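The chain below stands alone and is given in structure tokens; this is the form predicted on its own.
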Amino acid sequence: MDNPVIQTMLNHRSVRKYKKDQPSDEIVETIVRAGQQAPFASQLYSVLLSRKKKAPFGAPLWFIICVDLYKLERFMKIRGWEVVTNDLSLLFFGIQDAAYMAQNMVVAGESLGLFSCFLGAAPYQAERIARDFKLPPRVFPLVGLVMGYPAEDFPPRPRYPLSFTLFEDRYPEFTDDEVAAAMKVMDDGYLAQGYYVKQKAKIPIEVDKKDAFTYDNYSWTEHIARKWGQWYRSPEELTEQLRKRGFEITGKE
């Protein structure tokens, strides 16, 4: 099945080179307004925008989508209520709200000819972002999103086959061969596009393990395995950022 909305979504690419052209205020407002129409629990989000700072990849727009409990607590106070829900629950609902909005913004942007790239490190830079944007307590940066008119063109990146994604009624018990077949779809697709060799994006091995890969066979599954097999061993860095923003996720008395 096909229609313009589906084509926009199927043609999605994360772009890392942008033209200098600055989208108009009308386009920016349209993208954010479309983002607001995403489903939500309690609209626990806010969007920051910078057009003055040098954005990654030379993008003209640099959004940061935040989980925002500050506005919730302000209007609850006006209604004579105090928040008693624990921060971990509110954080999960806020992450859902902010993520839905962020994705709506991506689709809206692409429908207008703007492409984008998510930047996942924002939670680890929360204190700096809070200073830069003078954020009140209880606002936590969830994800960065740069956007603009693309200065590069390439096919959409591979995705898992549906048999490894859509499970009706029960989650299957995969054999190693079935997992390997899904891995091959991803790896062959990225190798065919020369994705990692073009970016020189091979993650070094930081543990006692021999590197048996060259750019001839280094692809998506090895790249992802090296990320989550080496990085962020302790949650303390992230929980400290949350604490500094006024979130307590270890429980309240």
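Since this is a predicted model, take the numbers as computed values, not measurements. Note that residue numbering follows the sequence shown and begins at 1.
The next section is about a form of this same protein that is not shown, the form predicted together with another copy of the chain.
Colleague: Would you please decide whether residue 49 lies within 4.5 angstroms of another copy of the chain in the predicted bound form, comparing each non-hydrogen atom pair?
Modeller: Because a heavy atom of residue 49 falls inside 4.5 Å of another copy of the chain in the predicted bound form, the answer is yes.
Colleague: Taking 4.5 angstroms as the cut-off for heavy atoms, does residue 27 touch another copy of the chain in the predicted bound form?
Modeller: So residue 27 counts as contacting another copy of the chain.
Colleague: Consider residue 176 of the chain shown here, and say whether it contacts another copy of the chain in the predicted bound form, taking contact as heavy atoms within 4.5 Å.
Modeller: Contact with another copy of the chain, yes.
Colleague: Does another copy of the chain come within 4.5 Å of any heavy atom of residue 212 in the predicted bound form?
Modeller: Output for residue 212 is no: heavy atoms all beyond 4.5 Å of another copy of the chain.
Colleague: Kindly confirm or deny that 57, 126 and 198 each have some heavy atom within 4.5 angstroms of another copy of the chain in the predicted bound form.
Modeller: Spot residues vs another copy of the chain: no contact at all.
Colleague: Which residues, if any, of 221-241 lie within 4.5 Å of another copy of the chain in the predicted bound form when only heavy atoms count?
Modeller: Read in sequence order, the residues that approach another copy of the chain (within 4.5 Å, in the predicted bound form) are 221, 222, 224, 225, 226, 227, 228, 229, 230, 231, 232, 233, 234, 235, 238, 239.
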